[in-house]
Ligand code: GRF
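Next up is one chain by itself, shown in C-alpha cells, the form predicted alone.
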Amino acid sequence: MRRIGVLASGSGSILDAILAADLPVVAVVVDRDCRAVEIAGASGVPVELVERKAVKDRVEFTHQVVDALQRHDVELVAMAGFMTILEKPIFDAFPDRVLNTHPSLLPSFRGAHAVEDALAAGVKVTGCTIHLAVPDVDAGPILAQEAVTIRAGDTADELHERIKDVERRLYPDTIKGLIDADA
C-alpha cells in the first residue's frame, strides 16, 4: 500500500499534514472547489474534481470517485475532511483500505456534529479517532485514538481546533504505520 489517494472537501489542513509527513500521495480527489486543491497543487500532486452537486445519485458519485482514484493506481484511500458519504462501490474497490478520521472517541458522537454533540453532552473528554471506513458511517474498526480534554468554557471552534492538532499528527502516523506494516 504505497500509493495513497486523499479525499478532501475543505481547508486541506489534514491533507497538508499528510503531505508534510512525506507519505506517498499520488492523487487528491475533491468534491468541490476548496483550499485542498491549492495545497495539492503546491506539492505537485494531481487533483481531480468530482463535483458532488453535479451528480444527484450517491452511488454514481461514488463510482466517479473510485474511477478518479483508479486512474492514479491508488492502493490506500485517506479521507481527509471529505464531507460526502460514499456508498458500497468504494469499499468494494478498496476493501479494508479506506481510512477516515473523526473528531471524537468513537463509538461516541458519530456523525457530522461530533464536537458540538460532545459539548452538549457535558463530557469532560473527547478526542480523535482514526478508523477504517465502512458503509455504516463512523462505525469501522478503530486503528488509533487520542483523548482531548474539554476545558470549562470551550467553544466548539476552540475544542475542534485542539482536536485537529491531534488529528494532524495522529492520522499521518497511523497511515505510516499501515504502510510500514505492509512493507
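These figures come from a predicted structure and were not determined experimentally. Each residue number is its position in the shown sequence, starting from 1.
Keep in mind the form predicted together with this ligand is missing from the figure; the text below concerns it.
Within 4.5 Å of any heavy atom of this ligand in the predicted complex lies no heavy atom of P24. Among residues of the shown chain, R162 is not one whose heavy atoms approach this ligand to within 4.5 Å in the predicted complex.
Of the heavy atoms in P89, none are within 4.5 Å of this ligand in the predicted complex. By the criterion of a heavy atom within 4.5 Å, S13 is counted among the residues contacting this ligand in the predicted complex. Residues are counted as partner-facing when one of their heavy atoms sits within 4.5 Å of this ligand in the predicted complex; in 48-80 only A80 qualifies.
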